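In structure tokens, one chain follows: the form predicted on its own.
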């Protein structure tokens, strides 16, 4: 047994010492989206944040002081602690790779925000390392946990899907920064509309081929395209379309993560985590059992040392979602259809 795996088994013992024992979390990444995760974990009765880390001293210090825990600017210093049961990673897309591999070497399960990498090679290397170490990881596709999304998925299952339509229109690119830098962020399809791609896969199945176009029409001061259209062919034979744009009003989020699934005589519509069956005469979406949310599912999996079935977005599955977005970027660059399945 590798030293890292041994550490994991010994560390988890505190989680299983009693029903009231909390999962001890080390958090890497304290800016942006990480704030919401820090607040959720801080409030959760089964979690205990024991340390935080961020390459920006100010962000690490602010989070550490707010939580009353040690802070570091190097994730390796955090991983050297002997009181960790798991690691929560919320860093920019370009920062993935060495961090996850170090957590795996330490022998700990981890949560990682989406997308899981900027390039497929990095994601596949991390996935393979998880398999070799006998570890698991969860990804941040939180929409999968929504009751409406799960009701929609239950209804679509076993039915013939003819058409899938999705769009993500926002004004995020207007803010600039690394998100709007194509080399670092991968563009809207990789960094943001990945949620839309993920719900397409989660409900309609794998994507066999994509054919994409991209352009810059308005936001010429950024390096990423501001508009995309993607044609998709699913493994089932269903066809799909995806559009994404950053030229929209940055204060209007009503058009982000909106999807339609065309079935025989009816339509399933999703907007964020809400879902409905149209027309009303078609009936209602089925009820589904209540489950823990993203944070609770991860904590329960660490406590029980078993990622499935509670974790709805395991790392390997998140890699397949990334592959679709990257294939669309490649298709737009080459001007021909690309299969994401060939490498994911």
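Owing to the predicted nature of the structure, the values given are computational and were not obtained by experimental measurement. Residue numbers count along the first chain shown, from 1.
What follows is about the form predicted in complex with a small molecule, which we do not show.
- In summary, the region of this chain contacting the small molecule in the predicted complex, judged by heavy atoms within 4.5 Å and restricted to 315-323, 278-286, 62-70, 48-56, corresponds to 48-56.
- With the partner omitted here, the residue from 240, 92, 107, 225 that has a non-hydrogen atom within 4.5 angstroms of the small molecule in the predicted complex is 92.
- Taking 144, 118, 114, 201 one by one, only a single residue has any non-hydrogen atom within 4.5 Å of the small molecule in the predicted complex, and it is 114.
- Taking the partner from elsewhere, no residue among 166, 234 and 337 has a non-hydrogen atom within 4.5 angstroms of the small molecule in the predicted complex.
- Within this chain, residue 301 is remote from the site of the small molecule in the predicted complex, having no heavy atom within 4.5 Å.
- Contact annotation: residue 195 falls within 4.5 Å of the small molecule in the predicted complex, judged by heavy atom distances.
- Not displayed here, the small molecule is approached by residue 34 to within 4.5 Å at the level of heavy atoms in the predicted complex.
- None of the heavy atoms of residue 311 is located within 4.5 Å of the small molecule in the predicted complex.
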